[in-house]
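First, one chain by itself in structure tokens, the form predicted alone.
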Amino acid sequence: MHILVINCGSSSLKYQLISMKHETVLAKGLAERIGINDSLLTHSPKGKDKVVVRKDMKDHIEAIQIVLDALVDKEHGVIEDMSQIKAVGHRVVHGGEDFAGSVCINDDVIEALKNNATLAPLHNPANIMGIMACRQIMPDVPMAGTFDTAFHQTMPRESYLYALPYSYYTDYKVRRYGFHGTSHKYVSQRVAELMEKPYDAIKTVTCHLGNGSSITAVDRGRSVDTSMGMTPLEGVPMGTRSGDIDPSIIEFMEREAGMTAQEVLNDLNRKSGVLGISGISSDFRDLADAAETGNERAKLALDIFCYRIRKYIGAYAAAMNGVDCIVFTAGIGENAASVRAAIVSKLSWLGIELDEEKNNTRGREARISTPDSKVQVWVVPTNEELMIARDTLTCITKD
């Protein structure tokens, strides 16, 4: 069975076609500049050369059609015809409190997504556009939605509620939702397999570290706390996001600098994090290079990033009354050995011992703690597309 995984942005569309028999990626690609001049599709079929298709895409319907045409093309396609696509799995950013898992998409689901659009105004509308485009082109193909927030719906109230007037929650849905749930779910399940332990028997802290970063406490297969909040702005410092701050800073900057609240929020989202501290870049590779040449602000940015992550790991070990495993994933977590080392170097109180030689790895599954380490430390590359495909397969076959 082949499942097409779709991840729609407002002007872009990522996709993978996965054969579920052996969970093999047959093709993947990216459609860019949808609705803008100079649209293009970069299509990478398995075992063949990458192809760039330059063709106008006025909307997501045209983009989806161009993707499908590439998949069945005689030269660079990977399937004979559309009938081989048995289902479509869609990544959806925000499911609010309506969805605690992946679901088959119907009119009621789409209506719920629209109702939750206020919680993710930049993402849900684009996700909905992708769903509607696929439904128009492939009306008879079953589809499922996988939500970034769903995995965190197992959090208890003491984790997800803020200490605000309770009416903020009841009237406006103000609460912690968390994000990167598909990634946290995948790596926490995968590390249990690698440890040869039952998923519902271990306590794991998963560290999704990329330009956007979040930490999650997974207690015996259930997310019980996560660092991102109502929006992805809360938590650890990131590429350009501030992470946790005193909210009074917004009013302070309004008063002292004459800024509007929206201007301050724009800075918190786009000009803060390691970019704001270093003044150089949001790319951790640039920061590492600058720190090595003696740039103190670049070093400071990295130190703050690692320090805040250590604080979350310690807090989540306390929240779960122990921890069996720490997992690093995503672009930084999978590739930056120096960041991993800096984070765990001061977690020896947990009984962690890092194997420096094994930590010298990039982009592959590896245990990087010593055999004597009381808490295992792993690198596990994330695979959100595969998780979406698996969930889609479960949705369409469970009846």
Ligand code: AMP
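Quick note: we count residues from 1 along the sequence shown, nothing fancier. Remember, it's a predicted structure, so these values are computed and weren't measured experimentally.
Omitted from view is the form predicted together with the ligand, to which the following refers.
**Student:** Under a 4.5 Å heavy atom criterion, is residue 331 part of the interface with the ligand in the predicted bound form?
**Tutor:** Looking in the predicted bound form, residue contacts with the ligand include residue 331, since a heavy atom lies within 4.5 Å.
**Student:** Could you confirm whether residue 54 comes within 4.5 Å of the ligand in the predicted bound form, counting heavy atoms only?
**Tutor:** Because no heavy atom of residue 54 falls inside 4.5 Å of the ligand in the predicted bound form, the answer is no.
**Student:** Do residue 335 and the ligand come within 4.5 Å of each other in the predicted bound form, heavy atoms counted?
**Tutor:** Close contact exists here: in the predicted bound form, residue 335 approaches the ligand to within 4.5 Å, heavy atoms only.
**Student:** How about residue 362: is it within 4.5 Å of the ligand in the predicted bound form, going by heavy atoms?
**Tutor:** Residue 362: contacts the ligand in the predicted bound form.
**Student:** State the residue from 160, 284, 312, 186 whose non-hydrogen atoms include one within 4.5 Å of the ligand in the predicted bound form.
**Tutor:** Among 160, 284, 312, 186, a heavy atom within 4.5 Å of the ligand in the predicted bound form occurs only for 284.
**Student:** Which one, 211, 84, 231, 295, lies within 4.5 Å of the ligand in the predicted bound form by heavy atoms?
**Tutor:** Only one listed residue qualifies here, and that residue is 211.
**Student:** Of the listed stretches (114-122, 259-267, 218-226, 276-284), which one has a non-hydrogen atom within 4.5 Å of the ligand in the predicted bound form?
**Tutor:** Heavy-atom contact with the partner occurs in 276-284.
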